[in-house]
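Shown next as structure tokens: one chain only, the form predicted alone.
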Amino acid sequence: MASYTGSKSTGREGSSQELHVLAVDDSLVDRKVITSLLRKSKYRVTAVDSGKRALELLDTEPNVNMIITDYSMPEMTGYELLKKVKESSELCQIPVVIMSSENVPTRINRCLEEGAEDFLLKPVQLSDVSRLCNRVLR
């Protein structure tokens, strides 16, 4: 599916090193799909199954260039993860992209207003990942 087009650009420059993307989704199948798409686009990927684990990893792994997270997860939603990242002085510069299988305009707008770089509708396609990574990480 196509992504929502009201996204923002960060101007964040990628380094010559392999860029590191943190993928967060409670669904094993969806985690495998997004990991595969990101790796096909030549990114290093770490995949975790919850917002809590994402925050734990971010405490120990300082070299994350982008976070791509599902919206609907138990314990901590992608929106709550987005808010925690954007409220943190150490993490707030990391671009966060939200994914969802539900096209809910109020949800999309709320995430973008809170600082999400983009909102992708599932199923995410290779073209979505390529476009997103070229804009956000380059």
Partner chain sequence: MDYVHLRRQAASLRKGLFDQGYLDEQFYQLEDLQDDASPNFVEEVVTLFFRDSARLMANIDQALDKCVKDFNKLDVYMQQLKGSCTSIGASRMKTDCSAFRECCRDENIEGCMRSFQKIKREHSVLRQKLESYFQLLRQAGPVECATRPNK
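Positions refer to the first chain, counted from 1. All values reported here derive from a predicted model rather than from experimental measurement.
Same protein, other form: the form predicted together with its partner chain, not shown, and the subject of what follows.
K.L.:
May I ask you to choose, among Ile94, Leu58, Val45, Leu37, the residue with a heavy atom within 4.5 Å of its partner chain in the predicted complex?
P.N.:
Of the listed residues, the single hit is Leu37.
K.L.:
Consider the chain as shown here, without its partner, and state which of Ser72, Asn103, Asn109, Ser88 has a heavy atom within 4.5 Å of its partner chain in the predicted complex.
P.N.:
Selected residue: Ser72.
K.L.:
Could you confirm whether Lys32 comes within 4.5 Å of its partner chain in the predicted complex, counting heavy atoms only?
P.N.:
Close contact exists here: in the predicted complex, Lys32 approaches its partner chain to within 4.5 Å, heavy atoms only.
K.L.:
Is Gln125 near its partner chain? Define near as a heavy atom within 4.5 Å, in the predicted complex.
P.N.:
It does: once its partner chain is placed as it appears in the predicted complex, Gln125 has a heavy atom within 4.5 Å of it.
K.L.:
Pick from 49-57, 79-87, 109-117, 23-31: which stretch has a heavy atom within 4.5 Å of its partner chain in the predicted complex?
P.N.:
Correct option: 23-31.
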